[in-house]
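Below, in structure tokens: the form predicted on its own, a single chain.
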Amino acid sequence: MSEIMEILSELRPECDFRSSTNFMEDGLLDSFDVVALVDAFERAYAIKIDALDILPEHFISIDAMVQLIKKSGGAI
């Protein structure tokens, strides 16, 4: 999970992801960020995220992202 936090911090260094319970609703991430995260996760975890799984609810929190990565075959 620290690797996900590192990726988020590199993507949006001005945001405090630790204090948010919903990254999308709180405006910390937008659709462009989601595309960048998919690319970063695929490279970092050597996975392929299915296009049908690229949904806002999979990017609202660290836990949601962990579940997406695991579902896509990544080991965390």
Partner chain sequence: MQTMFSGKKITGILGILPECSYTFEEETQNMSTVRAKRLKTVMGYGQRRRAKKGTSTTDLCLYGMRKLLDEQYIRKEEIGAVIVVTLSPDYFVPHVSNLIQGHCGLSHDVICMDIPQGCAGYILGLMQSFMLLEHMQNKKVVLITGDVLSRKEQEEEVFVNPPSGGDAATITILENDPNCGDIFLDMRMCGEENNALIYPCGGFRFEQGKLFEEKVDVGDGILREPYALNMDGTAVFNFVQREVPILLDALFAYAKKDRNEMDYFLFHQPNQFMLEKLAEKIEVPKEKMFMSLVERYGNSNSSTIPLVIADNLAENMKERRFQCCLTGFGTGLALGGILMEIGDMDFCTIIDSDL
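Bear in mind the structure is a predicted one, so any value in this text is a computation, not a measurement. Positions refer to the first chain, counted from 1.
The same protein also has a form predicted together with the partner chain, omitted here; what follows describes it.
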{"property": "Partner proximity in the model of the complex: Val35 to the partner chain, non-hydrogen atom cutoff 4.5 Å", "result": "yes"}
{"property": "Exercise: Ala64 in contact with the partner chain in the model of the complex, heavy atom 4.5 Å", "result": "no"}
{"property": "Ala51, heavy atom within 4.5 angstroms of the partner chain in the model of the complex", "result": "yes"}
{"property": "The partner chain contact at Asp30 in the model of the complex, heavy atom, 4.5 Å", "result": "yes"}
